[in-house]
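Encoded as structure tokens, the following chain is the form predicted alone, with no partner shown.
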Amino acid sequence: MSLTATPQMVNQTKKRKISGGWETLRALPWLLPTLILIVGVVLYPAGLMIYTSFFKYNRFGIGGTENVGLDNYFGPAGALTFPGVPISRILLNTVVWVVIVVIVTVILSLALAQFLNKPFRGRKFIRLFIILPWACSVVMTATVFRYGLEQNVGLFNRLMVDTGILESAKAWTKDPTSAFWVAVFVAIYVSLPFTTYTILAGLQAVPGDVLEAAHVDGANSPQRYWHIVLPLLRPAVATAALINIINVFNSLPILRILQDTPGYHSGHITTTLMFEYQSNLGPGVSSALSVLNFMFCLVIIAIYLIIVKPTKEVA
């Protein structure tokens, strides 16, 4: 049986298109402020960054008249080929930085959220205590850890020596490798509150009658959590993980404050290297690395979406 469009069906389709276009025009005045904000704050800076990445500047930002093509990316003094920069180690650091911080944060937050969802005396106080690292400035938190890890007078160093964890005080922030792992710890610490509260909100939306029915059917606690709670937490975990990927990827203050080693070294990630380029090579090479950084972030997010499939419906 062949289906052919009748004149009546064609007219109805045209009416829907006209109606949809009219509704779009009516909504435009309400959307216009948001569109202007997106263009001014997101699209224009991004376009300017891409444009700047193809021109030559000195370290004072003077220039911009000579188009150098891809030299800022792959040239003799390009973002990925500048002499003395351990770029392969820095790219590895970036992946480790994002993956370790996000995975550990989500796992710890799942446990904390489950604990905070239980009724017990003092629960409100503990919830308030956990939110403090999120309420405090990231710069302030990183500064506290930096001075706490000072070799001679740092409180954390003295505590580890007095308790026998260390034989002698260590200059944690003077070594790029140890400073990097201290920054990983601090990034997890400041990321926990937001992730925990996001997952806690998801936990409180899990229907109690479903868990009770599973319990009556003989499912134990691990089975109920794995087969019922975790699938229902998928949207909350996906939201928390995606926001954490973006925040951690661009978390400049923690590494900048905790890294006392100057220059190009093995403790950088691409975000901190970008600012080193800005100071020493100018905005051209820095913008080129910014473009690569943005693409790198998109790749990591895409891999996460492909593997985890956060939008997959729960069966």
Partner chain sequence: MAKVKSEHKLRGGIDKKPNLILTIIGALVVMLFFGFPYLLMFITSLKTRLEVTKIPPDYFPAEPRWQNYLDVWTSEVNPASSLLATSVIAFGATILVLIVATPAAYYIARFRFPGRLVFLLLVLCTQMLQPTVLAVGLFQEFKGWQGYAVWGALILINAAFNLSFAIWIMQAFFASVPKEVDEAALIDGLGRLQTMFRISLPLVWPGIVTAIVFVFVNSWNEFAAALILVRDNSLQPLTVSMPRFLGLYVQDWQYLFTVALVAIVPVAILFGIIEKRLIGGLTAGSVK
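Keep in mind it's a predicted model, so treat the numbers as computed, not measured. Residue numbers count along the first chain shown, from 1. Throughout, rigid core stands for the largest set of C-alpha atoms superposing within 1.5 Å between the two forms.
Not on display, but discussed next: the form predicted together with its partner chain.
Check your understanding: Can you pick the one in 166, 104, 243, 92 that has a heavy atom within 4.5 Å of its partner chain in the predicted bound form?
Key -> The option sitting close enough to the partner is 243.
Check your understanding: Between the options 225, 181, 115, 74, which residue brings a heavy atom to within 4.5 Å of its partner chain in the predicted bound form?
Key -> It is 115 that has a heavy atom within 4.5 Å of the partner.
Practice item. Using a 4.5 Å heavy atom cut-off, state whether residue 145 contacts its partner chain in the predicted bound form. Key: Heavy-atom contact with its partner chain at 4.5 Å: present for residue 145.
Practice item. Answer with yes or no whether residue 231 is in contact with its partner chain in the predicted bound form, where contact means some heavy atom within 4.5 Å. Key: Although its partner chain is absent here, residue 231 would stay clear of it in the predicted bound form, with no heavy atoms inside 4.5 Å.
Practice item. Examine residue 264 and determine whether its closest non-hydrogen atom to its partner chain in the predicted bound form is within 4.5 angstroms. Key: Answer no; every heavy atom of residue 264 is more than 4.5 Å from its partner chain in the predicted bound form.
Check your understanding: Closest heavy atom of residue 152 to its partner chain in the predicted bound form, within 4.5 Å or not?
Key -> Result yes; residue 152 sits at the interface with its partner chain in the predicted bound form.
Practice item. Scan 63-101 and write down, in order along the chain, each residue with a heavy atom lying within 4.5 Å of its partner chain in the predicted bound form. Key: Heavy-atom contacts to its partner chain in the predicted bound form: nothing from 63-101.
Point to revise | Did residue 262 shift 2 Å or more between this form and the one not shown, C-alpha, core superposed | key: For residue 262, whose C-alpha is compared between this form and the one not shown after core superposition, the shift is less than 2 Å.
Point to revise | Distance trend in the predicted bound form - C-alpha atoms of residue 202 and residue 304, change of 3 Å or more | key: It is closer: in the predicted bound form, the C-alpha atoms of residue 304 and residue 202 lie at least 3 Å nearer than they do here.
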